[in-house]
Ligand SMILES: C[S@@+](CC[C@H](N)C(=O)[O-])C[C@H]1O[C@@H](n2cnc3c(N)ncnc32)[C@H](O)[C@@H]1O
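Shown below, as structure tokens, is a lone chain in the form predicted alone; questions about how it binds or moves come after it.
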Amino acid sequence: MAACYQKFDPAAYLQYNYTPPRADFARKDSIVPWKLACLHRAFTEGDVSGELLVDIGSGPTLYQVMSGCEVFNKLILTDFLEVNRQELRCWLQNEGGCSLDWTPYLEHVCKLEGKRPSAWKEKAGRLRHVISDILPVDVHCSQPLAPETLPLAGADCLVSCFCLESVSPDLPAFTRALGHIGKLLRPGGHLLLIGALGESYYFGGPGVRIPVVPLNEAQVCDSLKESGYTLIRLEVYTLPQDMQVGVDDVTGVFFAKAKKE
């Protein structure tokens, strides 16, 4: 799997998945607004709390922590690839040259939170303030992060979006990876997991075809249970025809909110 990612192109990946039609904030049935609504709801229900949020397999994206940064005072981003970590550092340092303008995302999350869209600058400032590190991660290691990276008790919450199924050769490896990242989470802590359903590949750049474990809802639920999580809620999004834009064969997306036993 590591070899598959050597030619991963963050700019192309962002263009494929994080621009219209998949990121059309004027459409209620667009995939990105759906994901942002799921995350906003999960972070504002009152049961997800604490000091430290860790994002597992951030890729070159930031949308998945825009609601969480209001709840947690410390946030760690992680990815296996240095090119993705560099893309994140580019935004964090606010020096320009990023592959995607995250302003529409920040504006949309502000609206979800009942704020004016113009509050996006404050949200961007808050996000930059709470991100304490951008670290290498390997979900196939029994300890995915370097020792002593996290407090002894573990993180209070994990987020992981389109990572585990995209880096696992098969379903058992996906389940093991869920268990590995669970070691980073304190007992009673929450996992917010977003992933692809029915997907066997996606393009990580021009001609860079990356295999994916095709999951169904039952497999997601079983893997979570086997890995020591209690499922709180599973939501499913089915892709409209015009969201199937030729960069993958995904049929749907799941959002799972779970708690470590």
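Residue numbers run from 1 along the displayed sequence. Keep in mind that this is a model prediction, so the values were computed, not measured.
Just so it is clear, the following notes concern the form predicted in complex with the named molecule, a form of the same protein that is not shown.
Participant: Only one of K111, R89, R126, H140 has a non-hydrogen atom within 4.5 angstroms of the named molecule in the predicted bound form; which is it?
Facilitator: It is H140.
Participant: Only one of C157, L184, C163, L77 comes within 4.5 Å of the named molecule in the predicted bound form by heavy atoms, so just point that one out.
Facilitator: Selected residue: C163.
Participant: Among 184-192, 165-173, 90-98, 114-122, which stretch has residues with heavy atoms no more than 4.5 Å from the named molecule in the predicted bound form?
Facilitator: Answer to the contact question: 165-173.
Participant: Can any non-hydrogen atom of T149 be found within 4.5 angstroms of the named molecule in the predicted bound form?
Facilitator: Looking in the predicted bound form, residue contacts with the named molecule do not include T149, since no heavy atom lies within 4.5 Å.
Participant: May I ask you to state whether F255 is within 4.5 Å of the named molecule in the predicted bound form, using heavy atom distances?
Facilitator: F255: no contact with the named molecule in the predicted bound form.
Participant: So in the predicted bound form, does any heavy atom of T61 sit within 4.5 Å of the named molecule?
Facilitator: Although the named molecule is absent here, T61 would touch it in the predicted bound form, with heavy atoms inside 4.5 Å.
Participant: Is L81 close to the named molecule in the predicted bound form, meaning a heavy atom pair under 4.5 Å apart or at it?
Facilitator: Looking in the predicted bound form, residue contacts with the named molecule include L81, since a heavy atom lies within 4.5 Å.
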